[in-house]
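Here you get one chain, nothing else, as C-alpha cells; it is the form predicted on its own.
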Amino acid sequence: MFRLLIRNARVARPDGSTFDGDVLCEDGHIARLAPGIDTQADESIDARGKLLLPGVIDPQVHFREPGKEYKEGLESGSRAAVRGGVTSFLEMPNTDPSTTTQAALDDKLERAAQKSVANYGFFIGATADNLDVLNSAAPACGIKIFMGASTGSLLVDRPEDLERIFANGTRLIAVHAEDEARIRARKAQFAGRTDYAVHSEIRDSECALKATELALALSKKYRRRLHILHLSTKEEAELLRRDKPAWVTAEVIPNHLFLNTGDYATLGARVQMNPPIRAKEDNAVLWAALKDGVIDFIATDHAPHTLEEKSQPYPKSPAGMPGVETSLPLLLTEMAAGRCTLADIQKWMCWGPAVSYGIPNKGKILEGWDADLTLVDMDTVKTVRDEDMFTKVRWSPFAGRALTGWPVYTIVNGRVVFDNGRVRDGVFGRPLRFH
C-alpha cells in the first residue's frame, strides 16, 4: 500500500470553502481529510501556504498521436497537462489514422498505457458509414462529429447522415458545430485575402449558429445526449439561454474567453483556430453564460502546430493552438481578480466535466474519491514564456501574460507526477471509466 500525506494544505471543498489540514492518500484514493493526521507515509509534502484543488479534467485535447508526433504525442501532451494541473484528458479522433474503428481505439489505449502520465480517455470519430462502430466501440467517452472543419474522412455534414447517427444509439454525441456549406461559400467569396484576420470573417458567427441549431434540433427530436464543443459566439449562447434541454451541455475554451479579433494584429496566425476567435463582445457574453450555467464547463481544445507551420501565409497556416498547461492559471488569475470563485473553477474544470461524461469518483476532494490533485501557488505571479512550455511545439498564445495559480505539485492516482517544475519518471495514468 502506497501512502502519500499532504500536510498543512488549504484544501478546497466542492462548495468553494476551504479548510486548513492534511490529506492522506492510500493506493490511489483519498483515505482521510483532517487536521494533523499522524501516520507513517511513503512520501510527505509540506503544502503550507498552498491551495489544494481537485485535478483538472480537460475534456477536449488533440495530442496528435498517431500520425503527427513531431508536434505532439501522448507523452509530451500528457506532460504538458500535468504541468498545468490537468490529471485527466479526453482526446479527439482526428489523428492519422482517424479513430473510427475499435482497432484504432485499442491502439490509442495501448499507446497511452505506455506513455501518458495523466489519466486518459478517447472519443470515437463519426464518419458517414461507421454507425455500428459508434455505438459499440469501448471504452469511449463519446462520439465526435465534425459538422465542419474536418480532416480525413471525419466530415459528417449531410443532413441524412447526421440524422441517422442521432436516431440510433444512446452514447453522448459531441459536435464541432460549423456549417460546412457556408464555410465553402465564404472561402470563395473571400478568395485572395491572405491576412489572418479574414479567418474570422470566413467562418463567421452564422457558420457556428447554423450548425448548432441543427445539432440542437436533432438532439431534441431524438432526445439524444448532446454536447456542444468550444461554443464561441454570443448568438449560440443566446440560443441556449432560450432553448437548452436538460440533456444538452456546452463548453467554452480559454481562447474564446481571453482572445478576440483584436489579437490578430499582434499575434497573427498564433490565434488562428476553428471555430475562430470572435469579437470582444462575444468574450463578455460567453463569460456571462459560463457564470450563470448556460455554458457548463471549460475545455482547452489543445491543438498544437509548430511555429514554422504557423508562419505560413493564410490560408496555408493551420488552425489550432496549444493550451492544456495554461488553462488553470488563467482561470485562477481571474479568481484572484474577483471575476469567478473557487466553487466556479471546480465546477467548470473538475467535477463538471466528470459529471457530463460519466467519469466516476473524480473532480472533488472527498474521502473515498480518486486522489487526482493539484497543489497551486496563489502567491507567486509568473509570466507565460514560450521557452517554458512543456508542449512539444514550445509556444503559447498567452505568452507575455502574468498569471498566478501555477501548479507546484500534480498528483495522479495518489502519486506525485509533477514536482516543482519537472515530471517524475515511472508514474503513469490510467484509462478512464465511463458510465
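So that there is no doubt, residue numbering starts at 1 and follows the sequence shown. Because the structure is predicted, anything quoted here is derived from the model rather than measured.
Not on display, but discussed next: the form predicted in complex with a small molecule.
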Legend entry - Among 337-345, 242-250, 158-166, 297-305, the region lying within 4.5 Å of the small molecule in the predicted bound form by heavy atom distance: 297-305
Legend entry - Contact of residue 224 with the small molecule in the predicted bound form (heavy atom, 4.5 Å): no
Inset, instruction - May I ask you to state whether residue 145 is within 4.5 Å of the small molecule in the predicted bound form, using heavy atom distances? - result: no
Legend entry - Touches the small molecule in the predicted bound form: residue 230 (any heavy atom, 4.5 Å): yes
Legend entry - Proximity of residue 151 to the small molecule in the predicted bound form, heavy atoms at 4.5 Å: yes
Inset, instruction - Identify which of 94, 212, 356, 327 has a heavy atom within 4.5 Å of the small molecule in the predicted bound form; exactly one of them does. - result: 94
Legend entry - The unique member of 208, 273, 82, 126 whose heavy atoms fall within 4.5 Å of the small molecule in the predicted bound form: 273
Inset, instruction - May I ask whether 64, 176 and 319 each come within 4.5 Å of the small molecule in the predicted bound form, counting any non-hydrogen atom? - result: yes
